[in-house]
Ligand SMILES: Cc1ncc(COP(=O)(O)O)c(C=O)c1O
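In structure tokens, the next block holds one chain alone, the form predicted on its own.
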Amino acid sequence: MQTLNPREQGNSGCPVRNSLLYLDNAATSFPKPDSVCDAVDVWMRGGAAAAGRGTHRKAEAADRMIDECRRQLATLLGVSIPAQIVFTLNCTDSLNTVLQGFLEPGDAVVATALDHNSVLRPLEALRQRIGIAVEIIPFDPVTGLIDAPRFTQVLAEKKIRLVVLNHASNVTGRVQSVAELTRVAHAHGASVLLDAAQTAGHWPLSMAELDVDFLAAAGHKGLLGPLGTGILCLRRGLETQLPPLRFGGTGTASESLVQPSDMPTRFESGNLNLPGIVGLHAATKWILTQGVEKLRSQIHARTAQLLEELKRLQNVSVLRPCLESSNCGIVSFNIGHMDCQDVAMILDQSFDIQSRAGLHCAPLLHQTLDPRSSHGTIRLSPGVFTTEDDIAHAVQAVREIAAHA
């Protein structure tokens, strides 16, 4: 399999990277393809105009770019109607738009112990403010999969309005059987919100095939766009059940004091982040050219290499769910009794490796995997430009740290 090499310029548009080894792609991807950086630079220097705010050529160019970006995202994410894709600030913003708009006083919602705080905190706020009921479904600490029998039981016994599914954990990388769980949810009358923050862009993903009702994703992770970009996809017709969180100018129907009801302007008040979206436009074009399966295979190979080497090391414990084959590119581990924050600091300062340490905003997951630990794990997450040599360097660094732990 041909490897994308970040140190070589070529037709793939791979960037030249500095001496630091970046293995924190689960937080935000880096480096970006050259075409993404170039697009943002050209847009900013070219007198970019606001979208939907004028009829001059720059404003019209902005409108065309946004429309094309929506079409590219629709192709990547299996969304049949591009207008059902809304640009947001980030995945957290997308999730909040659904959770705070769709749920009403007295509603019951199902979430899981795998969920990120971008789901858990809005649900807790709604529980306290309007009295929703929140059912948390556990997961198997060995496989990392949601407890399907318990999931089915709760849906059968209680009237659930919304189910939130985590497509892949940001701690274990384990990808869930979303289509099967969605069928159960729909059979019991519940709508489904999919958190695809860790999969969109480098894992085959189709909203239509999974049959979910809402899909939230980050533009700056697997989709390789700039920070400050997010996506929310809605099944056609559900926008009428979802009041927007923000109201204001959209550049349309300006004579009315009422927020437009048409998509996507219903949820896009104020100026869009055009520097971010133009980068996302270039990123999605690059991904479509490369092919999602190629990118998935690239990350899978580097993740498998990392896991295989780490599990051989003395004094290193890898979280069991990370070892499953359906891993979107995340490896979490600990070294002996060392604090994970100390390990991350040593990786950075002594080996020039950028990682992530802590609970990763997923507290319930850590309570399940290791109730005794309040510190979390070290997380390494390869990206599409990570090489075999990069992984070898990271493993050697962990080996040296573990030898002195």
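Quick caveat, the model's predicted, so the values are computed rather than measured. Residue numbers run from 1 along the displayed sequence.
A second form of this protein, the form predicted together with the ligand, is not displayed here; the remarks below concern that form.
Work out which of the listed stretches, 146-154, 245-253, 97-105, 189-197, brings a heavy atom within 4.5 angstroms of the ligand in the predicted bound form.
-> Every other range fails; the passing one is 189-197.
Report whether all of Arg302, Arg320 and Ser381 sit within 4.5 Å of the ligand in the predicted bound form, measuring from non-hydrogen atoms.
-> Checked in the predicted bound form: no contact with the ligand for any of the three.
Pick from Lys221, His281, Arg174, His202: which residue has any heavy atom within 4.5 angstroms of the ligand in the predicted bound form?
-> Flagged contact: Lys221.
Using heavy atoms only and a 4.5 Å cut-off, determine which of Gln298, Asn90, Asn273, Asn334 is in contact with the ligand in the predicted bound form.
-> Comparing distances to the ligand in the predicted bound form, the residue within 4.5 Å is Asn90.
Report yes if any heavy atom of Lys285 sits within 4.5 Å of a heavy atom of the ligand in the predicted bound form; otherwise report no.
-> Flag for Lys285 set to no.
Does the 4.5 Å heavy atom contact test between Asn166 and the ligand in the predicted bound form come out positive?
-> Yes, contact at 4.5 Å.
Would you please decide whether His116 lies within 4.5 angstroms of the ligand in the predicted bound form, comparing each non-hydrogen atom pair?
-> It does: once the ligand is placed as it appears in the predicted bound form, His116 has a heavy atom within 4.5 Å of it.
Quick one: does Thr112 come within 4.5 Å of the ligand in the predicted bound form, counting heavy atoms only?
-> Result no; Thr112 lies far from the ligand in the predicted bound form.
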